[in-house]
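There is one chain below, alone, in structure tokens, taken in the form predicted alone.
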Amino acid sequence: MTIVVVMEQVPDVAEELAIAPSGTDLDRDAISYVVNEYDEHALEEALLLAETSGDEVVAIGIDATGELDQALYTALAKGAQRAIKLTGDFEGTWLSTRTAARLLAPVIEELAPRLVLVGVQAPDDLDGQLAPTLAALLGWPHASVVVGSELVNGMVRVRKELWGGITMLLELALPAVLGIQAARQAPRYVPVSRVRQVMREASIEVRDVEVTSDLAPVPVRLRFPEETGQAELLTGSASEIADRLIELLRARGLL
């Protein structure tokens, strides 16, 4: 049996971002990419499930940025058995979650997995709806914001986070799609030397896909937040800081 994990490279928000001259996208030549944090948790959860079930883990992703190989080779180095890259004419195309799901669904259906795990969201999408959209296209049940899972009696039992520390325990019939927020343990570390070894010994399967437009919303304009003020660092003794806080609160009509 197979467990599929969807991987994505996203802009590294720890570094300074730049907006393209068009004003509707990031300057893709001026930013660096990293694996989506939630996808790393999805991969870890898939590997944990496979360790007890013996399933084959297949990492799959859309190479919309030309930077996906690193993520897929890392997945292989961590324990995935196969990696599949979807390629196509993505230049100048913004991939909504609906478009991404439409490209992924036929390939996933062909793989006939019993589980598909995706990161619950990505920093560069508008809605975080990849898991439910993919499930709708496949006609499978799904759960999102998942923080733990296990395969039990031909079903998948998941713990879904709600709010205020409350979680819900669900059982889904297989096959199913899970939007992973956090794996049961931190994503495992793999040394760079191991990734380089895999790059020499393993190969990534390539599937060409046709990109079509959809009716999903697209960005109209991007801009950085405007600076409207600055923080004031309070120094001095505890009583001096307290006096200054009271002065500031009174000045703003809060006392």
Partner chain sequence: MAQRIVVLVEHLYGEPTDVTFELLGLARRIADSDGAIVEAVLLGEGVRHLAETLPAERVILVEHPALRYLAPEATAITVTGLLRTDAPRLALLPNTSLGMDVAAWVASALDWPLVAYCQALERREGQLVATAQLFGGKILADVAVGTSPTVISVLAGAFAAAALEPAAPGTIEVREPPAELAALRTHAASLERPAAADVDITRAEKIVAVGRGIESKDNLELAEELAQALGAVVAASRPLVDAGWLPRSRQVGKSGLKVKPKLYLALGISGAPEHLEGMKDAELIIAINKDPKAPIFGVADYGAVADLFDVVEALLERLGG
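Numbering follows the first chain given and starts at 1. None of these values were measured; they are calculated from a predicted model. Just so we're on the same page, rigid core means the largest C-alpha set that superposes within 1.5 Å between forms.
One more form of this protein, predicted together with the partner chain, exists but is not displayed; see below.
Put simply, of Lys78, Lys160, Arg82, Lys85 only one has a heavy atom within 4.5 Å of the partner chain in the predicted complex, and it is Lys160. Residue Val218 is the only one of Val218, Ala202, Val211, Val195 with a heavy atom lying within 4.5 Å of the partner chain in the predicted complex. Residues placing heavy atoms within 4.5 Å of the partner chain in the predicted complex fall in a single listed stretch, namely 38 to 46, out of 64 to 72, 202 to 210, 51 to 59, 38 to 46.
Although the partner is absent here, Ala173 lies within 4.5 Å of the partner chain in the predicted complex, judged by heavy atoms. Although the partner is absent from this view, Ala136 contacts the partner chain in the predicted complex, with a non-hydrogen atom inside 4.5 angstroms. Within this chain, Val147 lines the site of the partner chain in the predicted complex, having a heavy atom no more than 4.5 Å away. Using a 4.5 angstroms threshold between heavy atoms, Val34 stays clear of the partner chain in the predicted complex. Residues of 7 to 46 placing a heavy atom within 4.5 Å of the partner chain in the predicted complex, in sequence order: Pro11, Val13, Ala14, Glu15, Glu16, Leu17, Ile19, Leu26, Glu37, Tyr38, His41. In a rigid-core overlay of the protein, Asp243 has its C-alpha displaced by at least 2 Å between the shown form and the other one.
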